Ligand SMILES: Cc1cc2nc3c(=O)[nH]c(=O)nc-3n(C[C@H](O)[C@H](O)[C@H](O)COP(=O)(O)OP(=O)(O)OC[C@H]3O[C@@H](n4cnc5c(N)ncnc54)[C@H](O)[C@@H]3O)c2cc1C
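Presented as structure tokens, the chain that follows is alone, the form predicted alone.
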């Protein structure tokens, strides 16, 4: 804690105009609307200020937790008093590159990104129009819906890597995207800063119609009216988590203020006053019951905090496109 307090003081002195929230309720920064206070939450307005924060934290032997839109996180009720949180929400640059690709910083929402693509007559991001996350979070977990995934449209990702204080531009292949995975959540140490998207020309009206169709399906089938973190469990191979949960008789199952959605069994929703313990206990019982009845072990898609933090050396120094700058940290996703 002494190092954390020292780092906070140094960051305040180095970046006096930056938003630095102390004892900020984490419930205000996640879609579950659950979570106690964070000791410190910084909201830098540029990559350079983000890198400065990370440099100060590294000097104090600290690692921040990087926060996007918080749409797939479960924060603890007691908060996070021993961590420094770093939000990318103000990294909002979004524009067309000369070759027709789209450049988007980590804080850009996927809905804004997909709308921008449609307005410029570019197709391929329709699936993302209703995903509530950001570019950074979407790349982190290889977000997807309705048959589309980030790996289908990402050309490259720029990220900071903590151990060698390096900035890297990684190709989609180097990002190692797979179902709800990437090198960013299988290895620690990364902060996603931006991505380039390569799309195909299309008719603006047809693209808009496809986006409306997907979003209408989403509204009809998903409990968007209640706080949740999206799909609670990953899709098991050859099956669907929601179907297995419903077949196990758990639709509507409730623990405290947490409930298996009555609209879509793949979602856990906050029906009012849910605690992180309520959600965790409900998910644990759902996993156990589904396993008992079907033999399928569901894997959480929600990131349950605090995770096990690691900072392993998986440096991409071998990549030819290395650029040296200050770097930051990224937490490793916990999977039960």
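Predicted model only: the values in this text are computed from it and were never measured. Positions refer to the first chain, counted from 1.
What comes next is about the form predicted in complex with the named molecule, which does not appear here.
In the predicted complex, does residue 280 come within 4.5 Å of the named molecule, counting heavy atoms only?
Heavy-atom contact with the named molecule at 4.5 Å: absent for residue 280.
Heavy atoms within 4.5 Å of the named molecule in the predicted complex: does residue 182 have any?
Contact check for residue 182: no, nothing within 4.5 Å of the named molecule in the predicted complex.
Do residue 133 and the named molecule share at least one heavy atom pair within 4.5 Å in the predicted complex?
The answer is yes: residue 133 has a heavy atom within 4.5 Å of the named molecule.
May I ask you to check whether residue 90 falls inside a 4.5 Å heavy atom distance of the named molecule in the predicted complex?
Output for residue 90 is no: heavy atoms all beyond 4.5 Å of the named molecule.
Are all three of 143, 192 and 224 close to the named molecule in the predicted complex, meaning a heavy atom of each within 4.5 Å?
Checked in the predicted complex: all three residues contact the named molecule.
Scan 294, 49, 55, 31 and let me know which has any heavy atom within 4.5 Å of the named molecule in the predicted complex.
Checked against the cut-off, the match is 31.
Of 162, 248, 83, 73, which residue is found within 4.5 angstroms of the named molecule in the predicted complex when only non-hydrogen atoms are counted?
The option sitting close enough to the partner is 73.
Select, from the options 201 to 209, 118 to 126, 249 to 257, 144 to 152, the stretch whose residues sit within 4.5 angstroms of the named molecule in the predicted complex by heavy atom distance.
Going through the listed ranges, the match is 144 to 152.
If you look in the predicted complex, which residues in 212 to 239 sit within 4.5 Å of the named molecule (heavy atoms)?
Heavy-atom contacts within 4.5 Å come from 218, 222, 224, 228, 229, 230.
Is the CA-CA spacing of residue 105 and residue 85 tighter or wider in the predicted complex than here, given a 3 Å or more change?
Compared with the shown chain, residue 105-residue 85 is closer in the predicted complex.
Relative to what's shown here, the Cα pair residue 53 and residue 88 differs by 3 Å or more in the predicted complex. Does it come closer or drift farther?
Farther apart, by at least 3 Å.
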